[in-house]
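A single chain, nothing else alongside it, follows as structure tokens in the form predicted alone.
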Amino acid sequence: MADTRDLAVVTGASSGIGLELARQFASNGFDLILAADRDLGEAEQAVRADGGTVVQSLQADLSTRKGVDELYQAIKGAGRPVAALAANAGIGLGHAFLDQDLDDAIKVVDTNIVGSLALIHAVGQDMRSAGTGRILITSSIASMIPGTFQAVYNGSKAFLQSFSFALREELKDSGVTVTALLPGATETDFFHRADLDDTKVGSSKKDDAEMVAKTGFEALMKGEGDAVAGVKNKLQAAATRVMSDSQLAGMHRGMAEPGSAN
């Protein structure tokens, strides 16, 4: 296969925002390496239907260094520079922190933060050496709100949001851009996997994943620092700037407390 198209890597690509990001890249002329902790067969078919050639897909646990190393070796094996990295892999976890299994809480940190850092560190060094590249980090509106009944998840997204702007500043003269995507509640299986089905946020109407991905892709290609997806979320983001952390934590209780859907 002739390497006539730029190469993009998308993690968490089996469904939801990650799959829709992959479809955005494919329909805009990129080849792809897809990674997720679940089977990627259906995702590959969907991306191919959008005109993209999936160079490779890899099922790996990106919460572990082993999984990240496997993905990085697949990237190096492609023999092509990565033009764009969408670090999208992430998981959530509902319920009160002291009621959660500690291993589950640590898995959130390992997936959302540690795995993302390891992958960005490896691919980012290659981009900096090449003097070009784009990095998209899936943050969240949750990064702006103390996450009552989602404390570890929101904390992990707050870390990523801060990290993305710090890294962006460090790379500002390198030819590598860093963009943070801030979705709100989006129509994916995230809330079911996080055991949030019986919460107000879990049962409410959510944003369309394709819209969110398109917002992120366009911001990435423009080299913007961040992108909040959806008018409602932009209003919510603005509100966080005038409310105290205590008020925001109370507001989040109303959305994420178990049983609040009733």
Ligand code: NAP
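Everything numeric in this text was worked out from a predicted model, so none of it was measured. Residue indices: 1-based, along the sequence shown.
Only in words, not in the display: the form predicted in complex with this ligand, which the text now covers.
The putative spot formed by G124, R168 and T177 is not touched by this ligand in the model of the complex; no residue has a non-hydrogen atom within 4.5 angstroms of it. Screening D61, D69, D195, D208 for any heavy atom within 4.5 Å of this ligand in the model of the complex leaves a single hit, D61.
Note on the partner interface in the model of the complex: the residue among D103, D99, D173, D189 having a heavy atom within 4.5 angstroms of this ligand is D189. Looking at A36, you'd find a heavy atom of it within 4.5 angstroms of this ligand in the model of the complex. This ligand in the model of the complex is not approached by A22, whose heavy atoms all lie more than 4.5 angstroms from it. In the model of the complex, at least one heavy atom of A89 sits within 4.5 Å of this ligand.
Not displayed here, this ligand is kept clear of V9 by more than 4.5 Å at the level of heavy atoms in the model of the complex. Contacts between 10-35 and this ligand, taken as any heavy atom within 4.5 Å in the model of the complex, involve G12, A13, S14, S15, G16, I17, G18.
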